[in-house]
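Here's a solo chain for you in structure tokens, the form predicted on its own.
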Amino acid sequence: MEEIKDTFLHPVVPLDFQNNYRVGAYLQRYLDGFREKKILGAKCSQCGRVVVPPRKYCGACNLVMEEFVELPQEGTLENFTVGHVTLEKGQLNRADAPYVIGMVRLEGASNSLLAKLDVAPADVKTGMKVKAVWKDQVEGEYTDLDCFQPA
């Protein structure tokens, strides 16, 4: 097997800054749902598409989506990759262990969520059923939805 360290680039980009970024009404409602361990999507009244995280306009109809729907906690892993590095403040670092991130389509959703998966890289398979895992203490933050694991 090829020596991994020879394949890494080590770019350093100064990304250490603070900002006050407002997520907008739709993403705020999505994050408010996290306080109750709910995953919310927006449903188009014309075509019925459900997008998660919710967004204001339907990409197919270009209509304002005003209905919010709760999606189930389970879905299907559509694709994945295994990570070997982490990015922190512009610095690539070797991960402590390989990890899996993937695209999860929740039942009833028209698109997929990018999510961390709690599954060994050797055991992950496209098409596997997964379920959401929440942190014990939720605060309405993106990190409240900790990961997905096999259902």
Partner chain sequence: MDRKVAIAGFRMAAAPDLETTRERLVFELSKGLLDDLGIDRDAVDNFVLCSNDFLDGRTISHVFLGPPAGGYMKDQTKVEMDGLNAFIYASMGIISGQYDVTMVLAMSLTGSQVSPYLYFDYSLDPTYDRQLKLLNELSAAALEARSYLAANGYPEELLDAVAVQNLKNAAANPGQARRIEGVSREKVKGSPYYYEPLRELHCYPPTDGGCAMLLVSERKAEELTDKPVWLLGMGRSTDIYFIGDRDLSTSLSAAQAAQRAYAMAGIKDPAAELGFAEISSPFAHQEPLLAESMGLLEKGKAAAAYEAGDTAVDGGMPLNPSGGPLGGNPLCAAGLIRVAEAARQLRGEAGENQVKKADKALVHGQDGLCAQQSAVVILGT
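Since the model is a prediction, treat every value here as computed from it, not as a measurement. Numbering follows the first chain given and starts at 1.
From this point on, the text means the form predicted together with its partner chain, which you will not see here.
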Residue 43: heavy atom within 4.5 Å of its partner chain in the predicted bound form?
no
Any of the heavy atoms of residue 64 lying within 4.5 Å of its partner chain in the predicted bound form?
no
Contact label in the predicted bound form: residue 90 to its partner chain, heavy atom within 4.5 Å
yes
Please check if residue 114 has a heavy atom lying within 4.5 Å of any heavy atom of its partner chain in the predicted bound form.
yes
Partner-free chain; cross-checking its partner chain in the predicted bound form, the single residue of 103, 47, 69, 120 with a heavy atom within 4.5 Å is 103
Neighbours of its partner chain in the predicted bound form among 58-75 [non-hydrogen atom within 4.5 angstroms]:
none
